[in-house]
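For reference, the chain that follows is the form predicted on its own, supplied as structure tokens.
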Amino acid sequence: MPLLPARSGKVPRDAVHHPLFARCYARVSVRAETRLGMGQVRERLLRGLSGRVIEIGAGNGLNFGHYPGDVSEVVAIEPERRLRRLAVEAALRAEVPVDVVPGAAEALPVKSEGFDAAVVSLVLCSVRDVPRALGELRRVLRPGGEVRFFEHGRGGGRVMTFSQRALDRTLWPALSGGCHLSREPVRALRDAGFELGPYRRLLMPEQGPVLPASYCVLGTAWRPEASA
């Protein structure tokens, strides 16, 4: 299926440019696969997927090696140039077909209702417009299509949530490639009209210090079936 310009507005080819953060993230994320157990989380996130899948914010492509064989194709959207280049290299090693494409979550360069499933993994924290991005996700999923999500966001007690909000208003987004600590991914999915399936909250790392970015959620949602 050919890729097409997004219907919801134009976004530049390299809509995100954080070269220093991208370089740091590429190193840290690879170490986290084993040291923090991220590889096991990715395995759970993607287990049982099939058909045609779109992955939003693919980063350096660490999910690619975990897609099951029943997936016929992955279209991986990544706006940051350096990370996209690394994702292309990871796609060449993947056991399922992966097409890495420039683009932004708020204006996906693909046809409507063209995918059986979507994957969002540590991306909703950094998109500029969450409702618009999730509206695009609904557009490109077929009715009844599945969303697999693994995100971090608001969590902990009053002191921690205060700290998360304070960091979001000051240094954190600038230092972390636009990431925000206090967003609420489950509420955002529900507000965007998705039907929430099972999800569980977890800390990353599961053993070790609890940090403002430690509060994560892993789960499933669906685009509602078309009305009769």
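Residue positions are given as counts along the sequence shown, with the first one as 1. All figures in this text were calculated on a predicted structure; none of them were measured in a lab.
One more form of this protein, predicted in complex with a small molecule, exists but is not displayed; see below.
Within 4.5 Å of the small molecule in the model of the complex, a heavy atom is found for not a single one of Ile54, Val110 and Leu134. The stretch from 154-162, 141-149, 67-75, 100-108 that comes within 4.5 Å of the small molecule in the model of the complex, counting heavy atoms only, is 100-108. Residue contact check for Arg42: one or more of its heavy atoms lie within 4.5 Å of the small molecule in the model of the complex.
For the chain shown alone, Val123 is a contact residue for the small molecule in the model of the complex, at least one non-hydrogen atom being within 4.5 angstroms. Residue contact with the small molecule in the model of the complex: Ala117 places no heavy atom within 4.5 Å of it. Looking at Phe21, you'd find a heavy atom of it within 4.5 angstroms of the small molecule in the model of the complex.
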